[in-house]
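Here's a solo chain for you in structure tokens, the form predicted on its own.
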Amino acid sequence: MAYLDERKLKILQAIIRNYLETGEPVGSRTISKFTDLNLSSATIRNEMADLEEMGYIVQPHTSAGRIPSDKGYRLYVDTMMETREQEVDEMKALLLEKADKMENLLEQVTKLLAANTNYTAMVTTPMYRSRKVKFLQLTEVDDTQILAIIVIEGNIVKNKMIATSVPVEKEVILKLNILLNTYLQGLDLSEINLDVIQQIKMQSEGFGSIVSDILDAIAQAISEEDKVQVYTSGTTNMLKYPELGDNQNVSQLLYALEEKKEITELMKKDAGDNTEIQVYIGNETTVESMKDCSVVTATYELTDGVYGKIGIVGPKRMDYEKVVSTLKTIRTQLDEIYKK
């Protein structure tokens, strides 16, 4: 790499990316359109000749374009991995800091809402509108295990261990890294269809079963982000309102607030599509034990594609004006605090 200036490195990267996408030798005219260097085809031909002489690309036959050599792949992967590993390390440090901050923040917000309104407050952990693959890195652990580091949109990092029935050489892992990132970067889970999978397997050089295991790991990692935690506070405030029903109805309501399964589904409802204040009165709610209550929810936005829900449960005679105003204020403050 010490012998490559920035221009040669960019041209080499462009050749490799284009070859991975098309499977065809790459010519200078293609590269002149592919890079942001604004160089003529003649200049690019000279640079490609230097790269060939240095062993980073080869010409499969006369008058053809160039394809990457193993040395070229190695430099591409090492450069890519070095950059990505630094990004992953930075993401992990930032996410750990923000995760602790967010957990404490949400608990405080929930208690504040309950105390301020004298009703029951609910706040969800962040959810994600999109489940796109941002980056994938495979690393050999030993002869029978590969570690897959999966980064999905929102800078969520997931580690998955993948068992292999046969040893996988390091060069194969490097090429799988390039192949998988070429096809999967920017795709949502729903977009990784049979056609995409077949294209990857066709170029995986007999390692289709490992590719299947890796795709399963990606699906599992992304689906884990669908799990939502709900913080609640002020559940006993419901006992202050006699119109909520007899002891049995109140017990069912308190159980639903404690058990959280039904209210989690309620809080997830329309969260990614509707950012307005939502008011559910009586039978409008999907939670049977809340038919004598009103539920008011608001969506908070942390960053692009990352959101959560804040909710208040109270009697139908709740102070709607105060509740809506409080939720709007908390929503704004939560967004501002998190971004500091």
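As the structure is a computational prediction, the values presented were derived from the model and not from experiment. Don't overthink the numbering: it's just position in the shown sequence, from 1.
Form predicted in complex with the DNA: not shown, discussed below.
Self-check item: Triplet Thr286, Gly308 and Thr332 all within 4.5 Å of the DNA in the model of the complex via a heavy atom
Solution: Zero of three within 4.5 Å in the model of the complex.
Self-check item: Listed range touching the DNA, judged in the model of the complex by heavy atoms within 4.5 Å, from 308 to 316, 24 to 32, 277 to 285, 292 to 300
Solution: It is the stretch 24 to 32.
Practice problem: State yes or no: in the model of the complex, is some non-hydrogen atom of Met54 no more than 4.5 angstroms from a non-hydrogen atom of the DNA? | Solution: No.
Quiz prompt | the DNA contact in the model of the complex: Ser69, any heavy atom under 4.5 Å | solution = No.
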